[in-house]
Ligand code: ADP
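Here you get one chain, nothing else, as C-alpha cells; it is the form predicted alone.
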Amino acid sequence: MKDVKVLFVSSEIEPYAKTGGLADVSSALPKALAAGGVNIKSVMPLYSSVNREKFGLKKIMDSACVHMGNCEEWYSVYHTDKPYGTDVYFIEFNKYFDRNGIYHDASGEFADNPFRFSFFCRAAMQTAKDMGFQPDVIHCNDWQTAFIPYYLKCGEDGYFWGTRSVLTIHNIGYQGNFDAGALEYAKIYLADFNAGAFESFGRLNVLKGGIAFADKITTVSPTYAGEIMGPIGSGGLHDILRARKNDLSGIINGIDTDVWNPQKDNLIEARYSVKNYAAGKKANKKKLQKMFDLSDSPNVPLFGFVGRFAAQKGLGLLSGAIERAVNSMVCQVVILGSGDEDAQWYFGGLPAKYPGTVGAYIGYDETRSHMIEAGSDFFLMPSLYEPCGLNQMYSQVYGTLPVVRATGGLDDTVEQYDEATGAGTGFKFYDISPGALYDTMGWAVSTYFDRERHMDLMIKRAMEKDFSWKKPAESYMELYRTLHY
C-alpha cells in the first residue's frame, strides 16, 4: 500500500478536539494505516479550543481560497505531526470555527452548520490540491464530510478525476438534516436535491447525499451494517442503504492499545497483565472504591458505567434496574458521565441515597475513566443501539467483563458466557427492558460468587483478545485496493 495516498477528513480528531468516539477513530485509524505503509494526511477544522502551542501547530498556508455559492472564502492552513507522528492539517476560518463548541453551544445546534461543513469539505480538498497531494482515496467520516463524495462525482476539478471516496458512518443517528437554504452556498445542484440523493421530506439531508454519491460506504461493525438497512435502525435511510448494499460493509473499530493497555497505563493504581491480573485488579478496585467513597469491600462485585447521559446509552434501562439491583444483590456501582440534565440529577443523587454502595461523578475525568475500567469487575453498557462501542473493548483488555445489550458492535465484540463450559467474555441480553438488564446483572453476580473458575477463564480469555487497529486497518487497506486495482 505504499503507493496509495489517502486524504482522511474528519470534523474531530483526538487529542485536538473531541466530542465522542469519532475523534478516537480519526486519531487511531490513520496511525494504523500509516504503519501499514499508506501515505495518509488528515484534515480537520481549527476550532478555537485547539491548543496550538501544546501541539506545535505551524502555519503553512495563508490566503487560500475556495468558492462557495457566489462568494470567495479565504482561509489559512496549519500543520502538525504531534503527538503521534502523523500529518494533521487544520483549516483556520474564524467566521465558522472561532466559537465556543464544535457543533453546538448551550443554546443548541449552530444554525449555520451546513454552511460551516460544506465550506470545510471544499477547503479540505483545496488544501490537498494546493499542497500537491493528489489522493487516490478521500476517506470521509459522518455527515460533516459527506459533501465530499458529491463534489468528487460532480467532476468540476480535473485534479480529482482519479480520486475515489469512502464514507464511514459512525452513528446514523446524526444525519445533518437542515432546511434547504444552504443548497446554493454548498453548491448542490437543484437536480440533485431529490429523494434519491440530498432531499428528505423537503429538507437537506447531508448524510443521505453522501451515501448516494460515495464509491464505498462503511460502518463501524458488521452487525450495525445489517441493522441500518432495516427501518428501525436506519433513521429513515434504509431504502437508500439497501440500494447501495453491494457497496456497504461493516468494519469493526479497534482501540488504541498504547492508551488503553493495563500493562502500560499510567493513570491506574497498579499496572498488570493477564499473568498477574488478580493482584492488579485488587489494587485498582481498592483505589476505585476510595475515589468514589464506596465501602472497602474487596469481595463485593463492582459494576462500572462510563458514558454520555443520552437515551441511546440505555439510561432508562439503567435507572430502572440499578436501585432494584443494589437493594436485592450484594454489589456496588460506580457511574461516570454527563449529558441529559434529568439523568445528571438522578444518578448524581444516588450516592446520598445509597452511601458506600453507589458512587457517581457527573462530568468526565480521564483518570476516573481508566480506573473504572481497571478496578471494576463488570462494565455496564445497556445501549439501545451501539454502532461499535469502545468501552466494552477497553473493559475486556482490562479483565472487566462487560454486561451489554446484544446490539451493533456490542454483539460483535462480546462473546456470550456459556454457563456449561465457562466460555465467553461477558454477559449479553436482548430485550429492551430494565428487567432484562437487572436479570443479567444478577447472572453476573451469581457467576462472581458461585463460579469462580469460570470468572477466571473469562477474564483471561477477554484480556488475550486482540482489539488493536491492525486488523481493521488491513480491512480498510483492502477496501482501498478494490477502488484502484
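All values derive from a computational prediction rather than experimental measurement. Residue indices: 1-based, along the sequence shown.
The same protein has a further form, the form predicted in complex with the ligand, not shown here; the description that follows concerns it.
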As a check of understanding, the residue in Y354, Y364, F110, Y84 with any heavy atom within 4.5 Å of the ligand in the model of the complex should be identified as Y364
The listed residue (T407, N141, N391, T413) that reaches within 4.5 Å of the ligand in the model of the complex by any heavy atom is N391
Review point. For P15, is any heavy atom within 4.5 Å of the ligand in the model of the complex, or not?
Key: no
Check your understanding: Is L336 close enough to touch the ligand in the model of the complex, meaning at least one heavy atom pair within 4.5 Å?
Key -> yes
Note to self: With a cut-off of 4.5 Å between heavy atoms, is T257 one of the residues that contacts the ligand in the model of the complex?
What the structure shows: no
Counting only non-hydrogen atoms and a 4.5 angstroms cut-off, does P472 reach the ligand in the model of the complex? no
Given 201-209, 102-110, 308-316, 261-269, the stretch touching the ligand in the model of the complex at heavy atoms within 4.5 Å is 308-316
